[in-house]
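First, one chain by itself: the form predicted on its own, in C-alpha cells.
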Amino acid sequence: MVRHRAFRDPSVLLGAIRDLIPAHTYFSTAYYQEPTAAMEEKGWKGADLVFDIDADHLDTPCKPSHDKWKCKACGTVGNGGAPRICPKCKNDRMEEQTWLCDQCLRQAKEETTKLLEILYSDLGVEPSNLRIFFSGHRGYHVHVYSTQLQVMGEEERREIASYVLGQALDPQLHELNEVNVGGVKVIEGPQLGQPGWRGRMVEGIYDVLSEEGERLGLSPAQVKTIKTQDRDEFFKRPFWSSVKGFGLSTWKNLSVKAVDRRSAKIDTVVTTDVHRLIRLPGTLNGHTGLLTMQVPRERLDEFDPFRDSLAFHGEMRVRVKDAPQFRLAERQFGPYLNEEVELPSYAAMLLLCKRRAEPVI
C-alpha cells in the first residue's frame, strides 16, 4: 500500500499512477490541513458524505449460479454467498469466488435509485451537489458535496445511514394505529403520497402484497382475502381497516417488511467513516478491468456497466480455468472450463482480474 500522498496537479497524479501501476487506486473523502502527514497529525477538516451500494451485500437470487465459497479449514465448498460459519466444521474463515452479472448490477442500480429518491425528497440534497459513480465492479458510489454536511461526525452520519435503511422504524409512530370511532375499533394509517417514510411505507405495502402471501407469514384465510383484492383500487380507499381478517399486528408486520423493501441497502461502514478511502473515478478496478466512472443522473436508467465501462481494445489469448457465461458489450462469452480461447481484450482482462484465466504467451 502506498498511502499519505498528495497531488496538486492532475498530471502529477497521472504520472505517479503510471510509475506505480497499481491494481487499485483510491482517494480520501476527507479533507486535511496536512494530507501527507501521519494520521494523528493531518488535521481533519471534514469529509464528503459518501454512500456505497454493492451487490455483494444484496441477497440477489443469481448468486448460486455464479458465486462459490470454500472453507479454509476443512475444504467444504458450496455455491452462492459464503455462510457466516462453515456448516461442517463451524470455522468462520471462508474463501469466496464472486462474479458479476446483469441481475446483480440491475438490483444495485435499483437500490441506488431508491437512495437518490430519499436524499432528494427527505434530506433535501440538491442534485447539483451530488455525483454518481459506477465502482467498476458490482455497484455504485454516491458522493454528496456539501460544506454543511462535511463537518458531520460519525454519529450524525450513522443517523443518516439508519434513516436511509429505515432501521428500527416503528409503524405506530408513523400514524399506524387502532382508534375508537363511535365505539368501533378502526385501524388508521398513512396514505399513499404522504412525504417521507409514511408514503414510502404504503408503497412498500403494495410491493409486498404482490408476493405470494405464504412468504409473508399470512394465514391461508388472509392469503385468500388478499388474492381477491383489486390491486388498482386497493389504495384508493382507507385500506388499513377494510381488509377482513387483517388486524393491527398483521399490518405492523407487513409494514416492517414494506420498509425493508423500500429502504436503500447501503454499506453503513462507508457512510459513517470520516476518513474513508474510496475508488478514484477514471481508474480501472483491479477486480474486473472495468472503468470506475461517473454516471450522469439523467443517464442512470440507461447506463449499461457491461458496455459503457469497457476500457480495452484488441484481442488476447488466454487459458480459462473455469468461468460462467457472461456478457460484455453486445456479446455473450462462456461458459469455459480448462480451454484456450482468443477473446476481445476487455473480456480476457475480466477473466484475468477474476483469476479465472492466465495469459497465453
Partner chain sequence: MLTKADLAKYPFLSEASEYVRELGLSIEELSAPEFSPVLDRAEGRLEEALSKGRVSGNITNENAEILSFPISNLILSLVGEERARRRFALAESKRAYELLRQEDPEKLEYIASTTFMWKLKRLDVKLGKRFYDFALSLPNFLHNSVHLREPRWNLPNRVLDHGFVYITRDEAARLMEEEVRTKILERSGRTPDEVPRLLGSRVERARGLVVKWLGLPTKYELPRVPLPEAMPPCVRHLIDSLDEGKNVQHMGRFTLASFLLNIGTGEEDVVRLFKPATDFSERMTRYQVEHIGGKRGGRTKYTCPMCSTLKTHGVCYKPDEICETIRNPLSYYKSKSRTLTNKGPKREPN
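Fair warning: this is a prediction, and the values are worked out from it, not measured in the lab. Numbering follows the first chain given and starts at 1. Between two forms, the rigid core is the largest collection of C-alphas that superpose within 1.5 Å.
The discussion below concerns the form predicted in complex with its partner chain, not included here.
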Only one of Gly124, Pro87, Gly217, Pro220 has a non-hydrogen atom within 4.5 angstroms of its partner chain in the predicted complex; which is it?
Gly124
With the partner omitted here, the residue among Trp99, Trp197, Phe239, Phe246 that in the predicted complex has a heavy atom within 4.5 Å of its partner chain is Trp197
So in the predicted complex, does His137 come within 4.5 Å of its partner chain, heavy atom to heavy atom?
yes
Determine whether any heavy atom of His287 comes within 4.5 Å of a heavy atom of its partner chain in the predicted complex, and answer yes or no.
yes
Looking at the partner-bound form in the predicted complex, is Val186 within 4.5 Å of its partner chain by any heavy atom?
no
4.5 angstroms heavy atom contact with its partner chain in the predicted complex for Tyr206
no
Please pick out the stretch from 106-114, 171-179, 248-256, 73-81 that is in contact with its partner chain in the predicted complex, where contact means heavy atoms within 4.5 Å.
171-179
Could you tell me if all three of Tyr145, Asp260 and Val295 have a heavy atom no more than 4.5 Å from its partner chain in the predicted complex?
no
Counting only non-hydrogen atoms and a 4.5 Å cut-off, give the residues of 130-162 close to its partner chain in the predicted complex.
Ser135, His137, His141, Gln148, Leu149, Met152, Glu155, Glu156, Arg158, Glu159, Ile160, Ser162
Using a superposition on the rigid core, decide whether the Cα position of Gly153 changes by 2 angstroms or more between the shown form and the other one.
no
2 Å or more on the CA of Lys72 between the shown form and the other one, with the rigid core superposed, yes or no?
yes
Rigid core aligned, does the Cα position of Glu95 differ by 2 Å or more between the shown form and the other one?
yes
